[in-house]
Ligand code: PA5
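The chain below stands alone, shown as structure tokens; this is the form predicted on its own.
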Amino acid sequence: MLIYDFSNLLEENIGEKGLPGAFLEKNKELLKETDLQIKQKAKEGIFGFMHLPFTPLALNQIKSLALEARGKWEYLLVLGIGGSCLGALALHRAINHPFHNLLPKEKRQNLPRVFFLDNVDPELINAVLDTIDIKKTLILVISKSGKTAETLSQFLLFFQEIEKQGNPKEQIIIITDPEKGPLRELAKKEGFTAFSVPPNVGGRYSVLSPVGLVPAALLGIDLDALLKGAQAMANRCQALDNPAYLYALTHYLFLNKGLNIHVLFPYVHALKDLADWWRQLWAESLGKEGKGPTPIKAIGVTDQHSQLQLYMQGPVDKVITFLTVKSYQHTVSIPGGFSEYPDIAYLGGHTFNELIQTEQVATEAALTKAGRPNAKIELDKVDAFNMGEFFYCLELATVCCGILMQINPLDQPGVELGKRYTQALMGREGFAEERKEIDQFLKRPRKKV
């Protein structure tokens, strides 16, 4: 069961920068009103992500697809960006072997080598072309709108490559809006297998829809366990004092105190990409109308030697949340030796499990002593059930925090202008005004050295 430990956010542990011990009681009516709004928006279908654990789309079809594909494809290529990629990538990195692509086929249990192509850098694109055998590659094209320029440009390239050597109808799967958009039209015309993204589920909230479930299934992840974890968290969140609401409320209260940098600090290598998924969720949902937190990713223990100095003695503008597990799948011992060197010898006889957990506790204790707000999300272990709990918890926490902030946590108006300018620069019709604006911008004198 996922636990949110907020002990080190309280005045009694970190002094004047902390929250009063009665903060929950003091804000209970506010939380009740927020809970009512969330449940009403869920009932109206506005918060569509809340229904996904209980009514997953095309689950049996996805399972059948994965069963049929097992052992058939050497490579899986996921074309998507932002919410169309980060959740599935985090799931894969959490649950599968950290060097999955380097394992021989039998150790991968006949699962494909996978590449998440979430950028359009030409060197990256070329490197993927150099690496894969296009005839042995299954391609997922994921875009809710079906208009994402980056994903469509990748699709055009790989469609052309498959046309030369393979079978596009067999090798391309589309995941997009159920009715509209160019990808949906293309899927119908070309006969591609296609899955739907619910219209009322935004990309960054879509990991428990086919956006995340299709790649997860193709990579051997237990979808039933994933959804059961999300269901368990959703059921826990019927009560007011649940992890999602408490995470949202504590971060909202610190935001009001001027601590607008929020750090997620996984002390589990497998969970490092969850921080990337969370960064988009937190930033794109809450950063608007001149307010919002800045999410930061840190990795334990790496960033003890990189960012911790700032966290300990820099500005008091951060709330740090550690992400830990109770147990690891493997235990690795540290051998003894070199007894004549005490600075080395004391490590012998311990395990790397002890070392990483000790370093997390030490960092937590040091931050607390320095009066720096820190909390902890603890999972039982890294598996599909716990990932389902985590995804649902943080999604619900995000919309809760948005309502507390009195902003819309579902839109992203600040992203749209850059998209329109990109389309104008690439010559798309109907963007003449944007083209004029961007041309004026490019003509402005530059100051360079």
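Numbers for residues come from their place in the sequence shown, where the first is 1. Fair warning: this is a prediction, and the values are worked out from it, not measured in the lab.
Only in words, not in the display: the form predicted in complex with 5-phosphoarabinonic acid (PA5), which the text now covers.
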Query raised in the report: Do residue 144 and 5-phosphoarabinonic acid (PA5) come within 4.5 Å of each other in the model of the complex, heavy atoms counted?
Result: yes
Query raised in the report: Applying a 4.5 Å heavy atom distance criterion, does residue 412 contact 5-phosphoarabinonic acid (PA5) in the model of the complex?
Result: yes
Query raised in the report: Can any non-hydrogen atom of residue 357 be found within 4.5 angstroms of 5-phosphoarabinonic acid (PA5) in the model of the complex?
Result: no
Query raised in the report: Applying a 4.5 Å heavy atom distance criterion, does residue 96 contact 5-phosphoarabinonic acid (PA5) in the model of the complex?
Result: no
Query raised in the report: Only one of 243, 300, 82, 166 has a non-hydrogen atom within 4.5 angstroms of 5-phosphoarabinonic acid (PA5) in the model of the complex; which is it?
Result: 82
Report summary line: Interface check vs 5-phosphoarabinonic acid (PA5) in the model of the complex: of 203, 373, 229, 266, the one with a heavy atom inside 4.5 Å is 203
Requested in this report: Spot the stretch among 231-239, 301-309, 145-153, 246-254 with residues whose non-hydrogen atoms come within 4.5 Å of 5-phosphoarabinonic acid (PA5) in the model of the complex.
Outcome: 145-153
Query raised in the report: Across 276-313, which residues bring a heavy atom to within 4.5 Å of 5-phosphoarabinonic acid (PA5) in the model of the complex?
Result: 280, 284
